[in-house]
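Consider the single chain below, provided in structure tokens and representing the form predicted alone.
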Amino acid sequence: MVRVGIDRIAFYTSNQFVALKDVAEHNQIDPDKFALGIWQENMAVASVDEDAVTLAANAAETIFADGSIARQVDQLLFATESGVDQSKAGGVYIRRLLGLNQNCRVVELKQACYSATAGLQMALAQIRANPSLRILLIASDIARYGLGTPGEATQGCGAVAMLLTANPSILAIDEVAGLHSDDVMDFWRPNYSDTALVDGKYSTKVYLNTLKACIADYQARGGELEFQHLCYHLPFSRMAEKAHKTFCRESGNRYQVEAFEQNIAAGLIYNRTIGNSYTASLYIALASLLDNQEVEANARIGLFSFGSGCMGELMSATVVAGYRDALYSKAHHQMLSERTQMTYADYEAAFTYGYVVDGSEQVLPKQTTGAYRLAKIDQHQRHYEPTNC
């Protein structure tokens, strides 16, 4: 049987961030509540000329920039819960910005933080049936809860792009997966709101119960809980600790919680300084693991995807020999090292920046250092351009 999976993976985040210690100081909160309580240090803040579309295009541009990967794909799947239009798929903008071929299928997917995994499974099923297919999957989000809210410290932004193929260079994804869905109200965002609503303690409970159910279903389908590394969806970094303790118990204690540093920790490095990126979160954790730890060839990685509301899935992947040659580790590290730290006042101004909703023209200031930006809004239309225009 042909192996299918991730041939390339790249991520992108805003070029500016706010330190959570500054958020804590402004809100008169003990900084340890963030640093130790949820294991978060910094939070990426989108520039006013960035949105889910530009973040996504910038993540994918990393894959195509040097010309070694052809800008020819059969499908572009865009997973987000920060969509910019109720009708038009954000992926249509992205295809044009990237200069991809026009004879490709483009669609947008939504189910809270889970939809990238839905896109992954949809794509891989097609590639198994037709191994010549090349599918670009991009997950991109801006997490917003509001200034001074309990969820403020779990905001952030980021995007991840994955080129999915047969005979992949990085990870082969196994067919067996454990699934669980339910209709719950732990997290949601009505159409009329630009910030999410969340019941934090309840959402954590739903997350962990969904993980348990996915483990049981995974085993019932013949999946083997033999992983050298695990990556979890990360609404905040310490969620991985809670999830891993649950995983250890549910797997019959064949894993030791004390092995957290070896099995899990490298996958948290990027999230701790970026913050929540919703659909992209799990796969940025995967990029973090691969970039920051030597993972042995043929090692198995467990991947747990969760989207509030809710939908969960437990998958497994096998590391391909020579995977490091296909990574963008240097570019990722350079991007993070070159970011600018914002004051709380600058962060507040960016968060509250007002976008026109009456159809008038609004030309946006150039702030992002990414390859693509939102240039203006006019007649209720969003206009994107390369940053060097």
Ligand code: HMG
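This structure is a prediction, so every number in the text was calculated from the model and none was measured. Note that residue numbering follows the sequence shown and begins at 1.
Heads up, the form predicted in complex with this ligand isn't pictured, but that's what we're talking about next.
Contact with this ligand in the model of the complex, defined as any heavy atom within 4.5 Å, is confined among 264-272, 108-116, 161-169, 312-320 to 108-116. Comment: this ligand is not present in this chain, but in the model of the complex one of 361, 30, 325, 66 has a heavy atom within 4.5 Å of it, namely 30.
With the partner removed from view, the residue among 97, 198, 301, 135 that has a non-hydrogen atom within 4.5 Å of this ligand in the model of the complex turns out to be 198. In the model of the complex, at least one heavy atom of residue 151 sits within 4.5 Å of this ligand. Taking the partner from the other structure, this ligand in the model of the complex has no heavy atom within 4.5 Å of any heavy atom of residue 90. The closest heavy atom approach of residue 350 to this ligand in the model of the complex falls outside 4.5 Å. Heavy atoms of residue 308 reach within 4.5 Å of this ligand in the model of the complex, making it an interface residue. Highlighted residues 203, 236 and 242: every one comes within 4.5 Å of this ligand in the model of the complex, counting any heavy atom.
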